[in-house]
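Before any questions on binding or motion, here is one chain by itself as structure tokens, the form predicted on its own.
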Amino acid sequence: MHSKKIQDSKQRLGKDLAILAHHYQSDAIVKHADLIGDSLQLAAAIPKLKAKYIVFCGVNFMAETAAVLAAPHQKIFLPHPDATCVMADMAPASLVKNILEKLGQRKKIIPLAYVNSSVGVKALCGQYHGSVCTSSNASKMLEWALNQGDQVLFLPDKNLGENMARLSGISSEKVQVIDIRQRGNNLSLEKHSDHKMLLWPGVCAVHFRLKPEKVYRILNDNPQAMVVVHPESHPDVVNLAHESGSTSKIISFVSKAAPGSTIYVGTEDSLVLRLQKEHPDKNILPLGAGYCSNMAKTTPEFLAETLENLDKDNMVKVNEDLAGLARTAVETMLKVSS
């Protein structure tokens, strides 16, 4: 019933509508999407869209980013308003501002925020001449950020930051997780004076579930198996894997593997199950990340209801002052990574 309502709305709205879906959405949503991608692909697509209504099937920071990049005549919608991101919530903008102000007393700090962050944090990146990144371009954006100031504050995902630091050749002695307790009052400027990269202590609740012990067991029991994981995973997991990368890179890795290959995939299980269906000639198994409960909040029922109420005042709105600064940070990313 909901599927028919969605299709009827799509037919009625025609080119005025664009439905975007992140790879972690369920098949029941993905089948209705006009564009499917990872965070970078979807963000890069926004300025090119002509549709009046853009419905973003994902979580709130993705819809906020779309609202920041959209043209004035475009309206952005999120089917479930409570589809948040645990990682993004670990870095509230007010606390990030306190930390940046304290760190900036002695050094020129360049904030580099993973897109899994609020529009307020993205705006701070714009204000402090920093930028944002996705898992697809984090290494390139880190290289850019290191050339802009004395230190880089990478947030909110410490795992992605540590993995990118290693790829960039930064020694572990130059990388440190900061203490954000007591609203930054525990932060020691002396302790971090020689560090090149400072990491916010946030993690993805999904990829946090992936443990190196399981990878050890898999490779010990089946030496022919391959393991590919998302770089939000713990560095020990990434080091054991045959490959790590964004959702798009994971999809490419699986696609290029030889028929008959056994591949354990360490990312959100909605994508893993889709890969199983798309590659029946390969033995594709979940590594154990499980599902993102927030991504799962977008259901056909909520999508159908959203499409039937596009003219109501329920669109995603971003404060224009924040939007301007956030847009600067995001556009810097798109320019540097193009």
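Don't overthink the numbering: it's just position in the shown sequence, from 1. Note that the structure is predicted; figures quoted are calculated from it, not measured.
There is also a form predicted in complex with 1,3-dihydroxyacetonephosphate; it is not shown, and the following applies to it.
Just one listed stretch, out of 56-64, 28-36, 305-313, 272-280, contacts 1,3-dihydroxyacetonephosphate in the predicted bound form at the 4.5 Å heavy atom level, and that stretch is 56-64. Residue contact check for Tyr114: one or more of its heavy atoms lie within 4.5 Å of 1,3-dihydroxyacetonephosphate in the predicted bound form. Remark: Met295 counts among the residues lining 1,3-dihydroxyacetonephosphate in the predicted bound form, judged by a heavy atom distance of 4.5 Å or less. 1,3-dihydroxyacetonephosphate in the predicted bound form comes within 4.5 Å of a heavy atom belonging to His230.
Though the partner is left out of this view, Ser244 does not reach within 4.5 Å of 1,3-dihydroxyacetonephosphate in the predicted bound form, counting heavy atoms only. Of the residues Gln151, Ser118, Asn163, Ser135, just one reaches 1,3-dihydroxyacetonephosphate in the predicted bound form with a heavy atom at 4.5 Å or closer; this is Ser135.
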